[in-house]
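A lone chain, given as structure tokens: the form predicted alone.
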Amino acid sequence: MIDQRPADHPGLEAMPQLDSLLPQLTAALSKDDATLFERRLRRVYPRLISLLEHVYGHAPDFPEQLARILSTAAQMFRERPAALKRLDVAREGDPHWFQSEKMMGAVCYVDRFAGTLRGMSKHLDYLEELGITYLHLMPLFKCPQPQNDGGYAVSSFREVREDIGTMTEMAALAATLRERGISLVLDFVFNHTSDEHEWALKARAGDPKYQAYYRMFDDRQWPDAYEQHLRPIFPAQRPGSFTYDAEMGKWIWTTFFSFQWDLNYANPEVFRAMLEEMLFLANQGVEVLRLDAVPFIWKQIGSDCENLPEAHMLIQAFNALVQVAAPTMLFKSEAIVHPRDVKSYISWQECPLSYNPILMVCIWEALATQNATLLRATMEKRFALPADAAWINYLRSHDDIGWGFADEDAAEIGLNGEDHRWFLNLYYMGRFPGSKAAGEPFQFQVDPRSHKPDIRISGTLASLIGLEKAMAAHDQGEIDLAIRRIVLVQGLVLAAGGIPLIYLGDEIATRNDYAYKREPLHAHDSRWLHRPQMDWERAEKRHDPKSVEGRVYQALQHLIWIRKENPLFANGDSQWIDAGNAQVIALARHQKLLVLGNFSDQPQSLSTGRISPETRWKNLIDDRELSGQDLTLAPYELLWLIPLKE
């Protein structure tokens, strides 16, 4: 990486000393708050200065920019509600609260699940009944209509969409959730704003200050130079990464869609402004921010502008300042990148939490092949995290399933990655012999650089796992097997280590919603197949143990409450083990809990002797006692075993 700073850049020795800044930073704070703010700032200041100096130190006005950044942190800390300041202090005493076995996540769209933010409040008993302690509400900020990339084209981080409520109602919901022990999680679109954001509107009106908030060019010279190395994100929909704006006569960097303008993080004022936005959300009671599109935030000519060192430095600098002004709030990364790069964003100093797309993909691969080899081999290599971080483990989300395993991992067990992805696509579209799945393709396209086709899969958990087809055929045997598969994979996610996350609706076996094809705004996007409205009449069946909804719900609820009552399920020490049977996954937790899962539709035998010397076990799921080292697992059976004393 070429250091673009001039030879006479200020350097660390010229940076403002903290003692000289503190009086102006704390002047408006109470005595106690000033003491607390100073203590936290002193703790992070050396690291913060090093990070910001690397990124912005070449600017002659960097000392003034630094003072503005710190003043923003101090101002937002002053505005922070007293209840949240008390929670900050409590969380500082228990910084790894998110690693508890009691953590259980859920994700939903407000409008699809409950209609409005007020409607969410009416269903909190349902969330508590399921054991939820972490609730991720999908994008709910003001955005353009009708095209807004599912809400990820944000027009204001301080306004909620009118159809679902207000920011005041969101803050009230956050407070109510907090009283019930549920942490609120929101998306924070890190890389761009919509072209209707106040900053974009001022830029389009000709304000040079706000034009500098974005990456804009007067002609194609620089865009052409950058695009020699850029990866097109949606080549079938829009070639290139730049959009011409006739009103300004400029080319704008738009990595994703033409209405999403990439922010210019080379401008320290953008850093300060985005810090203010995220701290505003923290002050509304948001406890976790999922940082969207983090690999793309730094641009460097001659590179692919993904996963650059400065991107990590910026996130770490934001993290440091949040730990000063609102330490309750944690960052969660979403980096849909090569598996080797996913973990590069995960640490206490950057993002303590991260989605685990690799586990998700490998579980679906194991279901299709009835073979856990790739799952085990990949997790052995890629599951371990720093002790102060945690995965968010999941099976389904609002998004499609892209087969993001590493080709080199597949090759190590004798698979051709490209061929295997085609098999998985065919399988989950129900077009492979013997497939039970009912999925649909998403965004068939051809990579213009590799000329290789790419396709991804949409569908709900129940439909992809075979329950939809089994119910349509009234095949009780297949229904039973599909439910066993659901319990198996949900149980693996619950036991793996980290925070398990369920897409709400999966707990009652929600099937695909084909009605999206009749809605003009959704018909082109098959992801709406697995984003149905919550069916509260069907949810009432969860108490009927004879219904499919009840069987799935009660089995999942049972596993959740076992997890929440046993510290062996807390984060940390997950060992993925070769069970000696390719159809069986084996996972040891804290050297005291053995998780076994049969991914085959046939009984599978194995000896626990290669895993543990224990000969007597208790299955936590049904309280059965098992003796000896030779075990047989029924089709798709899940075991959570703890040793019994002789």
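Residue numbers here begin at 1 and follow the sequence given. Quick caveat, the model's predicted, so the values are computed rather than measured.
Keep in mind the form predicted in complex with a small molecule is missing from the figure; the text below concerns it.
Engineer: Looking at S183, T510, Q260, T328, which has any heavy atom no more than 4.5 Å from the small molecule in the model of the complex?
Structural biologist: Of the candidates S183, T510, Q260, T328, Q260 is the one lying within 4.5 Å of the small molecule in the model of the complex.
Engineer: Which residue among D544, E408, D399, E101 has a heavy atom within 4.5 angstroms of the small molecule in the model of the complex?
Structural biologist: Looking at the other structure, the residue within range turns out to be D399.
Engineer: Only one of these stretches, 385-393, 74-82, 457-465, 290-298, has heavy atoms within 4.5 Å of the small molecule in the model of the complex; which one is it?
Structural biologist: It is 290-298 that comes within 4.5 Å of the partner.
Engineer: Looking at the partner-bound form in the model of the complex, is E334 within 4.5 Å of the small molecule by any heavy atom?
Structural biologist: Yes - in the model of the complex, heavy atoms of E334 and the small molecule come within 4.5 Å of each other.
Engineer: Could you confirm whether D475 comes within 4.5 Å of the small molecule in the model of the complex, counting heavy atoms only?
Structural biologist: D475: no, not in contact with the small molecule in the model of the complex.
Engineer: State yes or no: in the model of the complex, is some non-hydrogen atom of R215 no more than 4.5 angstroms from a non-hydrogen atom of the small molecule?
Structural biologist: Residue-level check for R215: no, no contact with the small molecule.
Engineer: Is the gap between W422 and the small molecule in the model of the complex 4.5 Å or less for some heavy atom pair?
Structural biologist: Contact check for W422: no, nothing within 4.5 Å of the small molecule in the model of the complex.
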